[in-house]
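Heads up, what comes next is one protein chain in two forms, each shown on its own as structure tokens, labelled structure 1 and structure 2.
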Structure 1
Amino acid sequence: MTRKKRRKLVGLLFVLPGLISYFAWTLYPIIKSFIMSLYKWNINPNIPNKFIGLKNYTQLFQDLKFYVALKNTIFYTLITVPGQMIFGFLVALLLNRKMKGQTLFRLLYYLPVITSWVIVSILFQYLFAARGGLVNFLLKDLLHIIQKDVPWLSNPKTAMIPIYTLGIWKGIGWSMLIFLAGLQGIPKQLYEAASLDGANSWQTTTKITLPLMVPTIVFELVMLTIGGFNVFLSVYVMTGGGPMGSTEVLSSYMFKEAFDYFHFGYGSAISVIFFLIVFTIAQIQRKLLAKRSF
């Protein structure tokens, strides 16, 4: 064996665990889900699975609940992603300056990110409770903005608001961290030169900071969009998809069909369409926004 082939073999051995993990936990489940979506899949091994072709997909595109879940998922993403990015960028700008307690403030803003989704979802249930909730207390008793308690989580018109709020609040710390890394990569000499030319804070932000942050913004937008479409635990814990299915999202609807009603073939069809939607959006975002990076 030549030295060149030996080096390739060593490199392959290093990559092999990652490849095995990728095929076992990513590629195989995708292929298996597609195969299951073509069957009326039975959990009982004594009952044979019946091949039904594209019937699950035909049923899916005629299912009104699917479109409600898709609409809620899209709205969740459209609201929470810009919210996380805007607040995260503003916090990053503040914490990028030298100030007392800088490390403490960074820790406090990042703390929600590492907190369990289940815990913060239960916490927000109490905050938005119709009776005794902190939000109603502030709006009604303290600020007198509303006249009576709002049933946030039991009213189809307001049930998504606590979920949006939680999504934005929990993601600010992650956005702040990524933006902070991008800001610290900008050479300080550019700001010093701009200061000598008489540029103010607004001009340095729009002419220096934002253009040089485009690659970071592209990365964050793609990752947060994927994360937004994968929203599940907050909905599952806070509302369970209710009231009357008004807060159902794609992940929760897929979970219910597969594990509550044991419609594994139909749930797999939802997961396949879900994957195609997220993959397509991520690729479009990456290609469109990457053209502006420099």
Structure 2
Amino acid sequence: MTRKKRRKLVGLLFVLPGLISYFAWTLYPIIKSFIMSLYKWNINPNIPNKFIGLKNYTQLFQDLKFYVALKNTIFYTLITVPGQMIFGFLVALLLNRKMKGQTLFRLLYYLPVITSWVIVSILFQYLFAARGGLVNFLLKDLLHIIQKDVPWLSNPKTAMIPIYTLGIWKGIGWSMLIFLAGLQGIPKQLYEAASLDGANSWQTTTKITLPLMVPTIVFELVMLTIGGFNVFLSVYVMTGGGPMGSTEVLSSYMFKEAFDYFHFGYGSAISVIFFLIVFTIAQIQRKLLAKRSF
């Protein structure tokens, strides 16, 4: 065997275990979920699966619960993505200077990111408890903004608010870290030159920082939008989709259909639609924002 051929074989051996895992555990399931969505699927191997074509999809498009879940997911994304980005950007701007305790600040702001969704969701459920919850205490007894305790999670009108709050609070640290990396990538000379020309800090922020941060902003927007559409455990833990289905989101609805009612085909149809939406949005965001930067 020649050396070149040998190297090819060695390379293939290096990637083979990973590639096999990928094919078996990612690619095959992706294809399979498309196939399953065309069946009335049975989890019991003794009962044959029944091919029903696009029936799951036609049913889905008439399903009011699906639209509620879609609406909630979209609102969640529209509110938490800008929330995380704005706060993350502000913190990054403030931290992007020589100062004492910078490492400690980064550590503290990143703490919610590394804590599991299960734990922070339980915690927020406690903070937003109707009676004796910390949030009601702050708003009622301390700041006098509200007159009486709000039953945040059991009122359909307010139930999404704790979920939004948690989504923003948990994501600020990641957003900050990525923005900080972007800010540190901007050459210092640009600011020095601008300051020699007499530019104030508002001008340097809008004329230098923001334009050069466009790739970072696009990256965050895409990643956070995908993340926003994936909202699941906070809803699952804090409200379970209730009261009366008012906080159901796409993923919780999908799980409910699949693992509570064993409608695996229908659940797969939801996940296919879900995937198509996420994929389309990510592509549009990339195209639109990439254009504006040039």
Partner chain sequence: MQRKKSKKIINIIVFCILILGAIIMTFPFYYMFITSLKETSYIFTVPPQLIPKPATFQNYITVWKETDFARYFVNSVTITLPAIILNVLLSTLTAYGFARYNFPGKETFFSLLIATLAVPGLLLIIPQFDIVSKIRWLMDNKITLILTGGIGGIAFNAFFLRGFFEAMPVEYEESAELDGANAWQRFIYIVFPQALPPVGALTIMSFLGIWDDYFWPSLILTSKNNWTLPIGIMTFKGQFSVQWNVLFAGTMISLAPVLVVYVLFQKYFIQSVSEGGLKL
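Sequence positions of structure 1, starting at 1, serve as the residue numbers. Basically, rigid core = biggest C-alpha set you can superpose within 1.5 Å across the two forms. Source: prediction; values computed, not measured.
The form predicted alone corresponds to structure 1; structure 2 is the other form. Relative to the superposed rigid core, the position of the CA of Phe279 differs between structures 1 and 2 by less than 2 Å.
Relative to the superposed core, Thr26 shifts its CA atom by 2 Å or more between structures 1 and 2. The two forms line up on their rigid core, and Leu16 then has its Cα shifted by 3.8 Å between structures 1 and 2. Relative to the superposed core, Arg7 has its Cα moved 4.9 Å between structures 1 and 2.
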